[in-house]
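Just the one chain here, the form predicted alone, laid out as structure tokens.
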């Protein structure tokens, strides 16, 4: 019996399984569920509405999320005859998988045996993977064979072109400061509370806004502007398929929040990983998720206080304001590295 228990523990603690399934799927899903409740309650409080309440009022409407999940799960999934069926079904599923996959390149500790992948180019790998999922949102709009969905997909394409350079350059400012693409080394460079959010706040700001743009967060929820183009690229989706499309954006925002935490907020610091699974992996992971959850709460708060920009306004902000600021932030990182501030 003891042998079976030890075998199960070893399987659970196997880095690829733990990082992909637990830290890449289960933990982000738990955070997303909380964030959905937080977003609804915060928006309701700021806008002086009740919000989710009548379902389980004693726990502030917490079971409303379960009720919504049941509703989505049992709704009929309608696939119109005019769609490209293979692309229509596979696009949201691939987008969901690609939203989660970048977590394999994000370190949750500096103990090498817990890395599922080599970390030498982990920042480049994470950025490459995280920028793939929006392409399948465009595919979903095209496969729907619906003019509103196609317009929503084109909106997404415009935003992709606008935000990708901004987001990537903002994160690469950390590489300019440290001279490495290794996320573990980038975290080590932030010891002693020398977090890059303090040393290069401009890069953090442009990365933060870039994440909002890339995940359709307010005030940049433009591709799904329901009063103009119904539900954007997801107009023809229903039931659980629609829920997957919406959930993928939140999961991607969570992965981005983890990346922001590692690059700009000191990663697992002030905790220093120790020996064993608990202090060497689990505890640092909890610290990173707490910071990322706080970022998610800030992202969600914007829904309550900001209106939606028009597409042309968002693109103009990206190219005329954010892109020059991103270049300045990258240059600031180079100067700090040159003068030995890091």
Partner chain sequence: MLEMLENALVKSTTSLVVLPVILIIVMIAVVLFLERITRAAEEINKKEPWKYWRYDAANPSKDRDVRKKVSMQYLGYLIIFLAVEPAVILLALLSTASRESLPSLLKVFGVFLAVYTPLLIYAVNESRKVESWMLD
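Residue numbers count along the first chain shown, from 1. Just so it is clear, the model here is predicted, and its values are computed rather than measured.
Although it is not shown, the form predicted in complex with the partner chain is what the next lines describe.
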Note to self: So in the predicted complex, is the partner chain close enough to residue 189 to count as touching (4.5 Å, heavy atoms)?
What the structure shows: no
Checklist line | Contact of residue 193 with the partner chain in the predicted complex (heavy atom, 4.5 Å) | finding: no
Notebook entry, point to check: Wondering, does residue 179 line up within 4.5 Å of the partner chain in the predicted complex on heavy atoms?
Noted result: yes
Next item on the list: Indicate whether the partner chain has at least one heavy atom within 4.5 Å of a heavy atom of residue 295 in the predicted complex.
Entry: no
Margin query: Within 4.5 Å, heavy atoms only, which of 94, 202, 271, 198 is in contact with the partner chain in the predicted complex?
Written below: 94
Notebook entry, point to check: What are the residues of 233-266, in order along the chain, with a heavy atom within 4.5 Å of the partner chain in the predicted complex?
Noted result: 235, 236, 240, 241, 244
